[in-house]
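Only one chain is included here, represented as structure tokens and corresponding to the form predicted alone.
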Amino acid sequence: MIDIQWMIGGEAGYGIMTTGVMMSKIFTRLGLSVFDYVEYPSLIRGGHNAYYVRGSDEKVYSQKKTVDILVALNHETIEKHKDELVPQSVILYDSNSIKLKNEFSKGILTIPIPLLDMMNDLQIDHLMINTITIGASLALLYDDFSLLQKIMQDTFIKKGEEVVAINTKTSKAGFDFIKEKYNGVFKKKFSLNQQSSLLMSGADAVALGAIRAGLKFAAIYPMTPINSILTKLTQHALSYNIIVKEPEDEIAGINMAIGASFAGVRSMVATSGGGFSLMVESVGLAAQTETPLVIVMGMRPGPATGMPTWTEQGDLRFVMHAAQGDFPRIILTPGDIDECFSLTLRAFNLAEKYQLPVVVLVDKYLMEGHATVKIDKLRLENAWYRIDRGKIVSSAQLKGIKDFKRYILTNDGISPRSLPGQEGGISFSGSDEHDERGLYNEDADMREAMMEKRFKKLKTLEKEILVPQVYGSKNAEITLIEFGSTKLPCLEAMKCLQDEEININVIHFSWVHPFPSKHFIQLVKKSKKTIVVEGNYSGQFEGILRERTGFVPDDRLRKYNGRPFYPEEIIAKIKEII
């Protein structure tokens, strides 16, 4: 079995992220299952950056703690990551700037590369130091440089043939250096095993899901970790007739999106905690006017600016309760790249069918991490999906209605809506309570009727609530319970423990509000010992489980240092309690 983790570290500005994605592409084209993850500080310049890429010929769900190939562009990288090395690990390092002493035990191979000398010989800018190392890394694993040559062509062709040529020449120099001096020193060798997979980030998947769902207007103020959604939508805006607006702030953004949706097109916003704080009042506006709206919320550690380039699951309670008053909303929590795509598709239909805000709650770990996704699986989602715009009355229907009431009281809580410009479909919408025509009304009976109508939607949409999914044996000794991206390290831990014949399973929530109480109770009845795993301090998800079902787990594992869970941490917790 092949299971390798490659890592590059160094100062910001040396193409760490570009190199990391390129390594993920190499693994993908070799036919491996890939997961990658990047860590970087919230600084404009400098600071330590690290990019982890894991590849395996078996399915991988997350990163792991150990590193097999460490590419060190500075000495700080070695100091920070030397404890992650294992026997037979390799360190590629710049011998012009890093002087190693006999600090590594036998079994760890150190390979000095005179990067500065090579850059001078090639007459290239020192910022291309990373490009030499990607060629050197490939040479350790695979014998044919043409694999990387093709990736260079695909990556840089939009910048011109000259850029392709210089990057190819530079990476070839690194490849040739290793082949000449260190050929065969790394014991894990790969062969080409082509599979139909795409390498995607969570942000890519959300953007593509929105495009497939018929998105026509997006207003997104840039903010980590959702920036790549803005980039991806902008790249495809002309091809799919989408208006992608970068507003002056988040308040303007959400109000633009509400206006666009009111006018009849599918719209969305994307932001993170600080931006969502600004949007809160308008979330209530969407609810009061019953205007469909999709909100992608990318969690990162708070409060305030907190640690903006790191990850956490600390905004669950915030999005559940944001905005004054009492109103229905839906919160979806994708657990992997596939779910980022499929749940975004679903969010647009839910928003329009039930005329309410739908939050797709993600985090930095998922948005900026990449993984291989089976093309066949995406095709299945694509084939299954049908755009459902809900109760939009046609012009022909309006001709048969003498007195159109936008907010007419209905048994299912959903009032047919007209679009601006439709003859006979005039409606008024505002932030005040209103009558069936949308006109201001504070009558007690009308208030009760409108509140009850809005909340009837929750009963109507019950049939669409996604049941928590169980992974692993139904008769497991231990059950991990989680939501969102914590699914990935939990599944990785489950896989490792199953290899040791420890019987565990995972209950994953991709829909947390309205909470699927009855389904969860049925599932958890079969569990013998339960652990709730979540990435926040106060146990927000555990609190919701208790609040909605009375369920109290046997144990819990929480993390709130800005780093994602490692499967090794989950495994250690399980072994501690069995």
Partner chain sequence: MTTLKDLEINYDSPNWCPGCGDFGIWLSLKKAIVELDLNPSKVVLVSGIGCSGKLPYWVKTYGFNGLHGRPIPVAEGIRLANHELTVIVIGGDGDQYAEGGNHLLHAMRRNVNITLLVHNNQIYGLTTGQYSPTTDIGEKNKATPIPTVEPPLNPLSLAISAGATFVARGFAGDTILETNLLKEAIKHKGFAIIDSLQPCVTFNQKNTYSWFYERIINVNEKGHDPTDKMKAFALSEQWPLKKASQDDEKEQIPVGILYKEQRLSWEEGIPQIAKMPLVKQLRQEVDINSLLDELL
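Model, not experiment: these values are computed from the prediction. Residue numbers count along the first chain shown, from 1.
Keep in mind that the form predicted together with the partner chain is not shown, yet the notes after this line are about it.
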| query | finding |
| --- | --- |
| Contact of S427 with the partner chain in the predicted complex (heavy atom, 4.5 Å) | yes |
| Interface membership of A304, the partner chain in the predicted complex, 4.5 Å heavy atom rule | no |
| Touches the partner chain in the predicted complex: T291 (any heavy atom, 4.5 Å) | yes |
| In the predicted complex, N382 touching the partner chain (heavy atom, 4.5 Å) | yes |
| Stretch from 494-502, 134-142, 355-363, 260-268 whose residues place a heavy atom within 4.5 Å of the partner chain in the predicted complex | 260-268 |
| Candidate site Y240, P247 and L419: all three near the partner chain in the predicted complex by heavy atom within 4.5 Å | yes |
| Sole residue of I331, A322, L208, A476 within 4.5 Å of the partner chain in the predicted complex, by heavy atom | L208 |
| Proximity to the partner chain in the predicted complex, single hit among I251, V467, I108, L122 (heavy atom within 4.5 Å) | I251 |
| Residues in 137-174 close to the partner chain in the predicted complex, defined by a heavy atom within 4.5 Å, in order | K158 |
